[in-house]
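Only one chain comes next, encoded as structure tokens, the form predicted on its own.
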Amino acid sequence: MNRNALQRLAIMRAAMGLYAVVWTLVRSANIIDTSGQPARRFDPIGPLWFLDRPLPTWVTVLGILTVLVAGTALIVGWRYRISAPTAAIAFLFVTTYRNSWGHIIHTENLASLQLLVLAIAPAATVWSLDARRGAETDTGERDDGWWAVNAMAVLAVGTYFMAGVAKLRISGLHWVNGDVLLHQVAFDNARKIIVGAPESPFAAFFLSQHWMMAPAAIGAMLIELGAPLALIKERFAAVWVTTAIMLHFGILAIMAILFPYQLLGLAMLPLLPIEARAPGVLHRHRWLGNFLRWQRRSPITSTT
């Protein structure tokens, strides 16, 4: 059995799980404070559309603790069949509930979706505590995991493609001349100044250089609408991932909007052969030696 997909899934399990745990830990105080706002500000969205009133604060705290505990188990691949779905659902709940209190922050949507796919994938077949203790790996024996890798790759490029389509539907070809982008950058930074939020220190310079608007707008559109090309070949994927990360650096620089999941490249991991570099990294870092032992004890024979 080709083991590449299982190794890629194991790396994504650790990286994406770590992101969910760290993000939840860092944002926990804000999430709890937000849930204590007046009930009139509560407007449930997405999976929580059916709620007609805010939940007790202890439910929010329980959701956060669930992400932290189950997410940690997900990272190391312990009791994965239980911990992974629990962590993914809890993370979806926490992020959705936070967004149900006014301003909708969509930066974590892709992370939530990819975690849901990862939760039902054979991502603990190798390099996990389950593999080390010889746990049942029914899925691993007949599932090479490529369906999960491909599904998460489609989710990644799909979000960018839909963003490009949305620009065309809302602005049409007017987006290409840069005027829409100019007003969007100006409005966003002006709003932040008024409400006391951090604004971009580079926005004023960017807005003064009108000649930059059209190329920036066209570049963003090409990156978003061209995202599906990353599914064709790994060479295309590497180029697209690089340009997409550069796009997020640009958004951060001129609008002070941070997409940490995308900026760190975590969203794009399914598109890249990250497992090819894993053995060298593991050999160079002794503190990762347990991963090598788990790999050797895995019931699946490597063909790489």
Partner chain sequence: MAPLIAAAIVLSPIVHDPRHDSYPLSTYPMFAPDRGALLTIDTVVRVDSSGVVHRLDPNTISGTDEIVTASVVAVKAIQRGEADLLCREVADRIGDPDSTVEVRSEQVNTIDVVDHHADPISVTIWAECRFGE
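Here the structure is a predicted model, which is why all the values come from computation and not from measurement. Numbering follows the first chain given and starts at 1.
One more form of this protein, predicted in complex with the partner chain, exists but is not displayed; see below.
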Which of 42-50, 233-241, 263-271, 56-64 lines the interface with the partner chain in the model of the complex (heavy atom within 4.5 Å): 42-50
Heavy atom within 4.5 Å of the partner chain in the model of the complex - the one residue of 214, 229, 82, 154 that qualifies: 154
11, 28 and 209 - do all three of these have some heavy atom no more than 4.5 Å from the partner chain in the model of the complex? no
Looking in the model of the complex, any heavy atom of residue 130 within 4.5 Å of the partner chain? no
Quick check on residue 144: any heavy atom within 4.5 Å of the partner chain in the model of the complex? no
Using a 4.5 angstroms cut-off on non-hydrogen atoms, would residue 257 count as touching the partner chain in the model of the complex? yes
Hey, in the model of the complex, is residue 126 touching the partner chain, heavy atoms inside 4.5 Å? no
Going by heavy atoms, what in 145-165 lies within 4.5 angstroms of the partner chain in the model of the complex? 147, 150, 151, 154, 155, 158, 159, 161, 162, 163, 165
